[in-house]
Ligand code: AMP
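First, one chain by itself in C-alpha cells, the form predicted alone.
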C-alpha cells in the first residue's frame, strides 16, 4: 500500500499500526470500557489466535447498559420499519428493559453460558432483542436467515448443536405472508436429538399451531423470567458471542465464530473509521439480521456507537421503488449501508422515485457485498445524490466481521475511484498473491490474502479447528496468510480492485477476464440495469462469455440491442472478451444478501442441477434463466 494519496490523519494511523500492531489495537480497544483489563493483547499458535486475553467484557452491556448509565436512556436506539408501513421506536432504556426481560426468560428456560440458540426470525425488534439477550447471558446465538428452507435450517441447527430454536409464525416479503413455523417443524424432523424446544412469536392473526410438549408461545416464554436474574455475564474476551454460517455455503455449513472481545473492538473501530458512526446518526443498514452485515451494522456496531439504528423488514422496492427514499425522508436517515445489487435494482426504475423525496439528511452512502460497478456508482452519486454526499464502496466477508478494504470516511476521506473498494484500512495488512505464493506487482491479478489476524477476524470455525486451518491459513504454499478466495489487483496508488471470486474468472484463449469486468462493461450501456456473466466451454477458445442481462424500464430485447451490447463490451474490453450469447431476463438468481449466484447461471448453460439453492431470493429466477437460454438456443439453431 502506497501512502501518496492518503490524508495525514490516516497516514499516521497506518504507520502506527505497521510499527506496533498490538499497541495500535490496544489503543483502539480502550475506546470501549472493560470489566477487567487484558493480560496480553495478542497471542497466536498457528491458525489459532486470541485477542485481549484475560480481559472481561460483555458485548450486550457495552451496546446498551453503558449508554443508559450515561444518561442516554431516552435516545432512540432502534427504529423498526417494514414494507407494510409498520413503525416501532425503542429508546435505549426501552430496548435494555426488553433485553433484560428476555435474558431472564432465557435463564428460566435453562439456557446458560456457552449454550447455542438458533434464531430463525425476520428482522424485527423481538429478534434483535433476543440476539442481545443471548450474548448478555453468555449464550451463543446462531441466526439463520428466515428465507432458508428446511434443509438449510436443519444443517445449521445440527452443526451448531443448538438447544433451543426461536422462530415466528410468519414473515412478510413483497406483500406475501411467508410461513416460518412450518419450515421449522420440517427441519426439526431432520434433526435427531439435541433440540429441547421451540419458542414461537405469533405475528399473524391466524397464528400457528404449537406442538404439545415441545413448543412455547412467546408469552409463555416471557413468563419464564419470574425469579430469574437479568444481569449480564462477565465474559472473557475470547468466549464466543455468536456463530454464523458463511454466505453462499453449498456444502456442510462453515460456522464462523465471533467473540465478545475482539469482535466488538473490530466492528466498533471500523464503524468509526470507515463509516463515521457517531451518536447523533440515524443509521440504516438495509441488510437482514441473517447475514453478517445485519449482525455487525444493524445490531452491534450502531448500538456500540450509541446511535439510532433502523431495521427494515421486506423488499426495498415494495410496494414501489420509492420505498427506501420515503424512509430516508420520514426518519431523517443520515447514513445508509446497502448492497450494489440494491443500487442496481433501484437504478432499473430510474432516479425519478428518489427525486420525489427529501434526501437532504443523508451524509454518506456505503456499499458492500459485490463490486459497485462504475455505472451504478455514477447513477447513485451523480443522478440521485447529485454529488452532494459520497458513495463509498468497501470489502469484507462473514469471516472478517467488519471491513478490511475501504475508504476511511470517518477519519479523512480518500479520493474515490469508482469500481475500486478502496485501500486497506488502518490495522489491515493485505497482499495480492498467485496461487503459488508469489507476490503480484501493481496491476497484476492474483488472490487477495490477509497477512496477519486483526481483532474481528474469526479465530475459528465452530467445532472444526482443522478445517479452519486448511481452508484459510494453509491454501498458499509456504505462506502463513489468510486466503480470502477473491481475485483482485492493486493499482500503483494502492487501491484494490476486485474481479470476483477466484474460481469465477473466465479463461478465453489463455486470457483471464474477471466476471466483474465483463458485467461492468455491459452496465456501461444505458439499457442495462443488472448483469450476470459466466464462462461457457468453447472448443476453440476454451471458454466464451455467456451473459444474462436485466434491462431498465423502457427497453425491450431485440437483435439490434444485442449487437449494441456486444459492441459495448468489445469497445470496453477489446476483442479478447468474446461473448458467446446474451440472454435477457427480468431477474437474476441472487442470494437474499444480494450476491449474484453465478454458479446457478453456469448450471443453466451446462444443463446441470444447480445444487443447493436454499439461499436464493426467488427460485423463479432459475427457471426464467433456463427459459431464456433455451429460447436463445432455439433462435440460433434456426
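Positions refer to the first chain, counted from 1. Since this is a predicted model, take the numbers as computed values, not measurements.
The discussion below concerns the form predicted together with ligand AMP, not included here.
Asks: Are all three of 393, 498 and 595 close to ligand AMP in the predicted bound form, meaning a heavy atom of each within 4.5 Å?
Replies: Verified in the predicted bound form; spot residues all in contact, yes.
Asks: Against ligand AMP in the predicted bound form, would residue 421 count as a contact residue? Criterion: heavy atoms within 4.5 Å.
Replies: Flag for residue 421 set to yes.
Asks: Answer for residue 520 alone: is it within 4.5 Å of ligand AMP in the predicted bound form, judged on heavy atom distances?
Replies: Residue 520 lies outside the contact set for ligand AMP.
Asks: In the predicted bound form, is there a heavy atom of ligand AMP that lies within 4.5 Å of any heavy atom of residue 486, even though the partner is absent here?
Replies: Output for residue 486 is yes: heavy atoms within 4.5 Å of ligand AMP.
Asks: Give a yes or no for residue 369: in the predicted bound form, does one of its heavy atoms lie within 4.5 Å of a heavy atom belonging to ligand AMP?
Replies: Yes, residue 369 lies within 4.5 Å of ligand AMP in the predicted bound form.
Asks: Could you tell me which stretch in 276-284, 396-404, 229-237, 553-561 has residues with non-hydrogen atoms within 4.5 Å of ligand AMP in the predicted bound form?
Replies: Checking each option against the 4.5 Å cut-off leaves 396-404.
Asks: Would you kindly say which of 365, 144, 425, 292 lies with a heavy atom within 4.5 Å of ligand AMP in the predicted bound form?
Replies: In short, 292.
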